[in-house]
Structures are given as structure tokens and as C-alpha cells.
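Quick heads-up: it's one chain on its own, the form predicted on its own, in C-alpha cells.
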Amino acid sequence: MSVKSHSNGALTARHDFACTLAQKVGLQALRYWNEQGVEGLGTEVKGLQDFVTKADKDAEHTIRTELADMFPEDGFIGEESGGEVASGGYWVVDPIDGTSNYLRGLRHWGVSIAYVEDGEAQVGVIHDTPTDRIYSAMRGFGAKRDGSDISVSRTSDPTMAMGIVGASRRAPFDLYLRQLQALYNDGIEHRKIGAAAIGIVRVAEGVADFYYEKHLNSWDALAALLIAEEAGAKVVTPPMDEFVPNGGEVLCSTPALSARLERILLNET
């Protein structure tokens, strides 16, 4: 297949299939937790506070297999099974974003599926599994929650703002503390929920005013960032050719606060 963009019809087919698939594997993972409990999840430790469960692996296998069957020309990159950037379109998948929350029964986790083509995310789908809600977008067609339009908040007063801030162990902890202090000094409230994809779609639907993390992997963020962008958010990330293989710093915010937040959060080293 040519590297040229797919038609809107082809992208719509990918969007619709990804929505169905994300919900399917998300609900399967939820049923697995309900049946097995924490002790039966087959948890493995990948690194410090970095876990993978049997549900993660099964979900990614299902997503990878069904996408390959439906769209055999597409490439695939998954958090658990890896992959490489394809010359044409490719999928970037996190089967369970927020695995630590999933493990402990905290209700902030979900399935993230993005489709990338021509150097941009073209389709983004998040299944917020504990609420069984689908957030989705196709580039240029707006953002949806269960098929209804969503948009970012209009918050402009920092003393009325509330955002979500992630903490990456790939960044210095003292930098994280300085950034929290800077937000506090500006009167801006924040939360930490442990699932970037879910945090970013909270910005897309206007529940939170921004999401920031010093380092995110691409599979944690690409789908949600497209949804937020289509909902009207200002998004700052590294270039796609750097972000997909290496991850990087992410800020997603309502436009009225973007300049202030960039000054507070992005100017630190």
C-alpha cells in the first residue's frame, strides 16, 4: 500500500473498529480482575513501581491479532510486545494504561489505541473501562465521548484551575517538586491519578484544565492527545519521530491557560 494518506472512509473504518476492540478488551480485563482479584493477576515486575499482569499481555495479544487480521498492511507498536515504526500507517497501543491502579482496584485505568499515518496521529481511542465510556477522535472531526461532542474547559483564572500532574521516574524528583511549588505559588491546584491517558481525556472533556508529565511513553499518550487536541486543547510534545520511539515531555491544556502553564512547567531543566 502507498504511504499516502488513507481516505476518510478507511480512517473511519479504523476508528470504528478500534472503538469496538478497545471496549472489548477493556471489559475482558475488568472481568478478569473481578474473577481473579489481585492475587490471581499473574503480576510481574518490569522495574521499580512498574508492573505487567496477565491481563495486560492478553489484552495486547488480542488487540495486535485482531488489528492484523482486519488491517494486515498496518504496522504495530505495543507497550508489552514492542514493534517498529512502519513506512505506512501503524498502531500505537497501551493495553492497560494505569496498570498499578488496575492491580489495586483504583478506578483510573483504561485501554489506549492510536493510529498514526503521515507523521500524525489520525485516530485515537480510549476506553475508560471502570466507567465503560469510549473517548475517540479522528483528526479534523472533533472529539467524542460515547458519540457525543466534548470540549475543553474555558478556565482562564489560575486560582480556579485544576490540573493533573504525573511523576516520571525518568525525570529528577527535585524538578517535580519545583514544578509543584511553582503551580502552588500561582494558585493552581493539581492531582496525580497514575494513568496518563485517562488524565488527558479528563482535559478533553473539561473535567481538568491541564495534564503535564515530564516524560511519557508514546503509547501512554498518543490516542488521548489527539482526542484532547480535537476537543480544543493546546498540546505540546516532542516531534513525532522522536516521541514515538523515545517518549518525552507532554503538556496538554485548555488554551486560556497554556501560555502560563508553559512558562511554569516547560522552562525548568
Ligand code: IPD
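Predicted, not measured: the structure shown is a model, and the values here were computed from it. Quick note: we count residues from 1 along the sequence shown, nothing fancier.
Here the subject shifts to the form predicted together with D-MYO-inositol-1-phosphate, a form of this protein not shown in this document.
Student: Report whether all of 163, 186 and 250 sit within 4.5 Å of D-MYO-inositol-1-phosphate in the predicted bound form, measuring from non-hydrogen atoms.
Tutor: Verified in the predicted bound form; spot residues all out of contact, no.
Student: Looking at 91 to 99, 117 to 125, 133 to 141, 148 to 156, which stretch has residues with any non-hydrogen atom within 4.5 Å of D-MYO-inositol-1-phosphate in the predicted bound form?
Tutor: Of the stretches listed, the one contacting the partner is 91 to 99.
Student: Hey, in the predicted bound form, does residue 194 get a heavy atom within 4.5 angstroms of D-MYO-inositol-1-phosphate?
Tutor: Residue 194: contacts D-MYO-inositol-1-phosphate in the predicted bound form.
Student: Would you classify residue 60 as touching D-MYO-inositol-1-phosphate in the predicted bound form, given a 4.5 Å non-hydrogen atom cut-off?
Tutor: Because no heavy atom of residue 60 falls inside 4.5 Å of D-MYO-inositol-1-phosphate in the predicted bound form, the answer is no.
Student: Check residue 180 for me: does it contact D-MYO-inositol-1-phosphate in the predicted bound form (non-hydrogen atoms, 4.5 angstroms)?
Tutor: Close contact is absent here: in the predicted bound form, residue 180 is far from D-MYO-inositol-1-phosphate, nothing within 4.5 Å, heavy atoms only.
Student: Residue 67 versus D-MYO-inositol-1-phosphate, in the predicted bound form: is there a non-hydrogen atom within 4.5 Å?
Tutor: Outside the cut-off, so no.
Student: Name the residue from 55, 244, 231, 216 that puts a heavy atom within 4.5 Å of D-MYO-inositol-1-phosphate in the predicted bound form.
Tutor: Among 55, 244, 231, 216, a heavy atom within 4.5 Å of D-MYO-inositol-1-phosphate in the predicted bound form occurs only for 216.
Student: Does anything in 220 to 245 come within 4.5 Å of D-MYO-inositol-1-phosphate in the predicted bound form by heavy atoms, and if so which residues, in order?
Tutor: Result: 220 alone.
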